[in-house]
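Take a look at this single chain in structure tokens; it is the form predicted alone.
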């Protein structure tokens, strides 16, 4: 039975928690502004739902913090198997929408297993890496690649969800590199990929859905179809750029409420924020995010064991990738791949999952002091 270590509560990391709460509440206010009624008199309740999910996420964070993270290590592979089963169920009985099949409908709640799976992957991969004494060899890397790289990537890309699939695979690559790979094998693998990737690029392109191809084409040249596949990118850049230095002011943005910008409260919420708060507001928001990332790195450096270190690295990298890709989408520097910005974008599964992830970070940081007792 899992025991609650109450003595660790005094080491709760309020620094991370306050950053998390600040970003989340800014997100709620921005969602309210983006969806406020201008054309019609009907206020959609996206912001109230987001508040509810933040509250659920906070409860989940506290629940995760209470128990020593050692139980995650013991149950890592069980969670991983359960996560793979959920991804398979999505393909078999998942709910379809917007040309994809990514959700499981439990009637009471609809959730996206791929969001939760990223944490499961990090925990399971951290468990595997922490059992290897030295660097990854050809054999240990091959096992990790098949189980933690290709398998989840294939299941998620089948939904299809290109953005999440790429982040999932990048988590595997980053954690593997963090562990270390034998030099000769790494050099050979790099040369192999340099030869193979160009050869299979046509097959990879043909495997993409039509809308995914359109997004890549729109990224390369949005002007090719400014009213069609290039519209989202162009409107996002217009919205963000119109804020200039100091922004138009809260509730004075127009691109979102007037429906010029699609997905204004989800993947492109930062465009609305940039319009209202300008370069100065964006700089402050960037500082908040990077304070969170730096705290995550510091947690990894101070973790009491290898498992905690790899979990901290994985969670921090995951949040960083979401941030970088989303900002890249908003500014037209990356293709639109359906990646939300952590804690700001509207979304139940992603919000709750990210709170749980940060809860694990706080848990690891709290228990770094175990040796003083």
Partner chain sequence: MNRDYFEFFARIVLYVISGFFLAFVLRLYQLQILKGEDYRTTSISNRVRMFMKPSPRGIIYDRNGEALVKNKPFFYVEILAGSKGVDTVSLAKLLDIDAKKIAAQLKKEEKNTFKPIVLKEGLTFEELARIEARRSDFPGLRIETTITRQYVYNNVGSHVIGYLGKPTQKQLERVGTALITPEMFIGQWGIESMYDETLRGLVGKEIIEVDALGRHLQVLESVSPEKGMDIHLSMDIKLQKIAEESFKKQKGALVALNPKNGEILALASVPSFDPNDFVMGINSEKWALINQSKDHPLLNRALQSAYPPGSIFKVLVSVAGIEKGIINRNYGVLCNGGLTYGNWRFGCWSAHGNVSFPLGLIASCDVFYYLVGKSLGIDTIEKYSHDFGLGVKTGLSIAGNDEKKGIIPSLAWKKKTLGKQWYLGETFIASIGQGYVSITPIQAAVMTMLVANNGQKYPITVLKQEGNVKPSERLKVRRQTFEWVKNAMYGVVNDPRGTGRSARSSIVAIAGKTGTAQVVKGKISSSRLKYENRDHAWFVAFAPLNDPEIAVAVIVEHGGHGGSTAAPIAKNVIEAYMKSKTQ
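Positions refer to the first chain, counted from 1. For clarity, every value in this text was computed on a predicted model and none was experimentally measured.
Not on display, but discussed next: the form predicted together with the partner chain.
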query: Joint contact, 240, 258 and 293 to the partner chain in the predicted complex, by non-hydrogen atom at 4.5 Å; finding: yes
query: Among 66-74, 50-58, 320-328, 335-343, the region lying within 4.5 Å of the partner chain in the predicted complex by heavy atom distance; finding: 320-328
query: In the predicted complex, the residue from 244, 191, 85, 146 that sits within 4.5 Å of the partner chain by heavy atoms; finding: 244
query: In the predicted complex, the one of 168, 235, 112, 159 near the partner chain [non-hydrogen atom within 4.5 angstroms]; finding: 235
query: Residue contact check: residue 28 to the partner chain in the predicted complex, 4.5 Å heavy atom; finding: no
query: Residue 151 within 4.5 Å of the partner chain in the predicted complex, heavy atoms; finding: no
query: Contact label in the predicted complex: residue 174 to the partner chain, heavy atom within 4.5 Å; finding: yes
query: Partner contact for residue 79 in the predicted complex: the partner chain, 4.5 angstroms, heavy atom; finding: no
query: Residues of 273-299 having any heavy atom within 4.5 Å of the partner chain in the predicted complex, listed in sequence order; finding: 274, 278, 279, 282, 286, 289, 290, 293, 294, 297
